[in-house]
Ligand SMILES: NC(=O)c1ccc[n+]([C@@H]2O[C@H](COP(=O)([O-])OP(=O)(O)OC[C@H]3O[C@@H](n4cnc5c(N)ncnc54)[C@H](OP(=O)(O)O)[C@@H]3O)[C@@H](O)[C@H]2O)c1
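Single chain ahead, by itself, as structure tokens, in the form predicted alone.
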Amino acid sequence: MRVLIIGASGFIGQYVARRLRETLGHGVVGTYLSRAPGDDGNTWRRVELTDRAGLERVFRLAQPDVVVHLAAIADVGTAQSEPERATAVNVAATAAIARLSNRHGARLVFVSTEYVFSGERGHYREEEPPRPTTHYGQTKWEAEQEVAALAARWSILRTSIVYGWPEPGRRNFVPVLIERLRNGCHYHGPTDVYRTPIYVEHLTDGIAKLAQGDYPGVHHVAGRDWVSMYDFASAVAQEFHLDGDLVIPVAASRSPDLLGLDCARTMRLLELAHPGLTAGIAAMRASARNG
């Protein structure tokens, strides 16, 4: 099986590329834009997502059976301040990838987000109607619709906040938090911003399962526990034996931000374990010791 990973050089993408390489042994092609990955056994192609000719060339060279599309402008603030660019990358490029997947007879696995929901209630199920309130969420919801309309064989995987060890020079919430606490700096953790955080290796389990199987439709893969960012940060401090008193509870100045995903149906379907927050953070800490 040949797999093309769009956005394989990103935080999640590098974990997925490594996992599929280990599983398949060959046939993994990944794309990057600005930072060429090292020699990891995979084949790498540079492409700008808004370059249609470049995308077509990558598909022609890769000849994929499965496409995993991870690349996006995923920062909510950037999408809000650069709406035209976010729409071009997140929506128009995804439509082009869906068309190319169809043309090449490849299944498409599109990774989406909890931000397609409004954030008024949280713990959203797969079948609930999206109602995004940010431009980022709107672009991802529009991209989901393009995937469903244009790709003959597709799966959509929505997830929540993803944590783990990034590549050198990259940032992720938990390592940044650990560094702050080790340096004696406070972290003001919102008590009314809720998510279902997932360790990146556990998310990779779900993406790999969709890539290697045939599971059409919309799926949710995130952590089991629905927690506030204050509780999330406190759990990190406890697991890494840091000063939990440096994590200060605060209420957001706006209305509560209640996202997070109910993943029970997807976890049963994919026959995946559904670790809680404590298990996820412990697995992350163990990977640092074993790395």
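Remember, it's a predicted structure, so these values are computed and weren't measured experimentally. Just count from 1 along the sequence shown to find any residue number.
Beyond what is shown, the protein has a form predicted together with this ligand; the following relates to that form.
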query: Full three-residue contact with this ligand in the predicted complex, heavy atom 4.5 Å, for 120, 190 and 234; finding: no
query: Position in contact with this ligand when the complex is considered in the predicted complex, options 264, 248, 33, 251, heavy atoms within 4.5 Å; finding: 33
query: Residue (of 154, 194, 124, 136) lying close to this ligand in the predicted complex, criterion heavy atoms within 4.5 Å; finding: 136
query: Region of this chain that lies against this ligand in the predicted complex, out of 210-218, 126-134, 174-182, 107-115 [heavy atom, 4.5 Å]; finding: 107-115
query: 4.5 Å heavy atom contact, residue 86 to this ligand in the predicted complex; finding: no
query: 4.5 Å heavy atom contact, residue 243 to this ligand in the predicted complex; finding: no
query: Close approach of residue 70 to this ligand in the predicted complex, 4.5 Å, heavy atom; finding: yes
query: Residue 147 within 4.5 Å of this ligand in the predicted complex, heavy atoms; finding: no
query: Residues in 177-198 close to this ligand in the predicted complex, defined by a heavy atom within 4.5 Å, in order; finding: none
